[in-house]
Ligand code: AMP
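Heads up, the chain below is alone and in the form predicted alone; it's given as structure tokens.
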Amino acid sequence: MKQVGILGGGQLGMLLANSIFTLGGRAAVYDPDSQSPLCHHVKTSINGPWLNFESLNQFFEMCDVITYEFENVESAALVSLEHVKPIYPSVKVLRTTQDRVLEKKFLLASGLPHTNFAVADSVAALRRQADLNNYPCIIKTARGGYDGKGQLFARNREDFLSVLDNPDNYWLDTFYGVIEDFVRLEAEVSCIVARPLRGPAVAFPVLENVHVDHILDYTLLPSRIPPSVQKRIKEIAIEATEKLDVYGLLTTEFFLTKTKSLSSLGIECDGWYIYINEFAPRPHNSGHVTRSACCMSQYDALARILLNIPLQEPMIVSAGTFCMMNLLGDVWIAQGASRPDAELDLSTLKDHAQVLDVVIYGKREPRAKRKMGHFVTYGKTPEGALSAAHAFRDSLKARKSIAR
């Protein structure tokens, strides 16, 4: 029985492990945190720092193949381990996608659509860029930014300089990253591509994503984007996967606008302009919905690749719309269940027949804006699915419980 080693023990790894088990494999996890969700679900786990070569080598030796569930794994520690066991996607892919500077340079060199950017390696370099930027713009760190972290928005030159002078932004003292042109969004979408070691890549249906405070709030499948634009997005996502030489999963996040930017390299399709925002070489938060909506989920697809099982076209299983909505720690806090290991009161679920799937990740400490779970609803229309999702989440927030 093949054992898959997963670097990272969060919810993405937990759901991937479920698919591995279902397909007859075993899963092991390496994570610095012994309390991470996946560590509670597998027999084999090693807890150690990401840069502990001895612990990582021990983990690699006990597995047949390795993957990772997020990009914060230190690629430097994995370079010398690639010869021990295969890693999918590769360390080269991880290194590129965990660094916004390398990622942007890859997009430019590959001729893929992207917003205009400049690289800066210090506050002094940022200041020199003040007169060269197109405004509005966004300052982004090269490493570690997610859910809006490591990003600052500037409306104009004066705003840009005030951002640099703000003492609260002390982390800019060691800045290395990019300044990106801001585009006025019509929509944000993602497209997940699964590429096996043998055979053609397959693209999942395009996912429509809506963020609140830079955190994904909900995903709709199918998206409300015109079919011709969706087709072009899938083509670009497959092209990116092949040019980046990914074996495994690659999620490509896209910005869509109807306003042409003279300085940015977008692709036009039927009046829409398509830009790649960034890559995630792993299962993606938006892809949770594929567990209910598609004949093969994103987790199933990666598990099949790792276990050498053929892929199939990931078709939507029913007409209508599926909506995935995140459950943040705010919902626990609203119920009064804010202490460690507090349970969420799900008793209102009986009144919401449109809810198809609820997943609670098992993270110990509920915190505001922390992803603690998600659920999926179904409706005949996008409005129906979204309304059902809001109604269920609102009912959870209104449910006052005694933390247990």
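So that there is no doubt, residue numbering starts at 1 and follows the sequence shown. None of these values were measured; they are calculated from a predicted model.
Beyond the structure shown, there is the form predicted in complex with the named molecule, which is absent from this document and is the topic of what follows.
- Only one of Ala240, Leu327, Val183, Ala142 comes within 4.5 Å of the named molecule in the predicted bound form through a heavy atom, and that residue is Val183.
- In terms of contact with the named molecule in the predicted bound form, the residue from Arg291, His114, Arg232, Arg100 that brings a heavy atom within 4.5 Å is Arg100.
- Partner contacts here mean any heavy atom within 4.5 Å of the named molecule in the predicted bound form, and among 304-312, 223-231, 126-134, 248-256 they occur only in 248-256.
- Of the heavy atoms in Cys269, none are within 4.5 Å of the named molecule in the predicted bound form.
- Residue contact check for Ser261: none of its heavy atoms lie within 4.5 Å of the named molecule in the predicted bound form.
- Taking non-hydrogen atoms only, Leu152 never approaches the named molecule to within 4.5 angstroms in the predicted bound form.
- Interface residue remark: His83 is not counted as part of the site for the named molecule in the predicted bound form, having no heavy atom within 4.5 Å.
- Scanning 186-219 for heavy atoms within 4.5 Å of the named molecule in the predicted bound form gives Glu188, His211, His214 in sequence order.
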